[in-house]
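What follows is a single chain, given as structure tokens, in the form predicted alone.
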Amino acid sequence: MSLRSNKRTVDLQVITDWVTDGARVLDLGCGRGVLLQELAQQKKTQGIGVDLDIDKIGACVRRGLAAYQGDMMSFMAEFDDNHFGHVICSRTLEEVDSPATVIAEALRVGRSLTVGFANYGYWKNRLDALLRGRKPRNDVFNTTWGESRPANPLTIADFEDFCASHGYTIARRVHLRGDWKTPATRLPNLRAGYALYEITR
């Protein structure tokens, strides 16, 4: 199995375990709908996705999923408080203009928010920046600068400080090493390549 497949498999497994059977789910930055489809099949969820990319929304529709092409903030504004059981931001927060605003709105429309991100504080990323003076390129960030998407990378320490300062409760967390599957139980900000959190207000 390729590393790309491993990453997707871990996301699916962890998030699926955390989502309640039959829940309403909103996937922010849903991509081609792989996660929503998995949740619908495994947990019988009522899901809807949002993404800016029209081709990805088209892929969701072909999978038989509900999806909206457009701005996630405008879309969330249409819903009442706690409309969704779960809101998911899997590898999305790094790409939004104002992560704090998105998180606050996600926790208004949803009872919980699941966040997944590559940890920029991973030791190999630090070495790449310190010793090579280059953009990190390793098993966590495996693309060249020209192919890279994250515009605002974050670390586990950044995210946990953010939650504490905003009064958000971390209900669950999973930290994985650079292989994307082995738990990193000690010094996660240094040793983990990928992190998943479930937070609530």
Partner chain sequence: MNDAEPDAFDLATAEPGEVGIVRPQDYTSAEPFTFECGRTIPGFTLRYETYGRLNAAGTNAILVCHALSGDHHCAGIHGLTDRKPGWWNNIIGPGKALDTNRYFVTCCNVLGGCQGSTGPSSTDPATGQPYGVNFPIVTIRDMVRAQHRWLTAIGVTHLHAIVGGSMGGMQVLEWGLSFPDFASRLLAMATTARESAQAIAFNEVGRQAILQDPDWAQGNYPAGGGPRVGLAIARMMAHITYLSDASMDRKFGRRTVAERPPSATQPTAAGTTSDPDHAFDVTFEVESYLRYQGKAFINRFDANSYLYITRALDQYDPAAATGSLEKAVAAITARTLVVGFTSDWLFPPEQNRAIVTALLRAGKNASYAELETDLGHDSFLLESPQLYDLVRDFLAS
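Positions refer to the first chain, counted from 1. Everything numeric here is computed off the predicted structure, so don't read it as measured data.
The same protein has a further form, the form predicted in complex with the partner chain, not shown here; the description that follows concerns it.
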Ok, I57, L154, V174, A40: which has a heavy atom sitting within 4.5 Å of the partner chain in the model of the complex? I57
4.5 angstroms heavy atom contact with the partner chain in the model of the complex for N138: no
If you check in the model of the complex, is S148 within 4.5 Å of the partner chain, heavy atoms only? no
Does any heavy atom of F75 come within 4.5 Å of a heavy atom of the partner chain in the model of the complex? yes
Is F79 near the partner chain? Define near as a heavy atom within 4.5 Å, in the model of the complex. yes
Answer among 126-134, 67-75, 100-108, 113-121 for heavy atoms within 4.5 Å of the partner chain in the model of the complex: the stretch 67-75
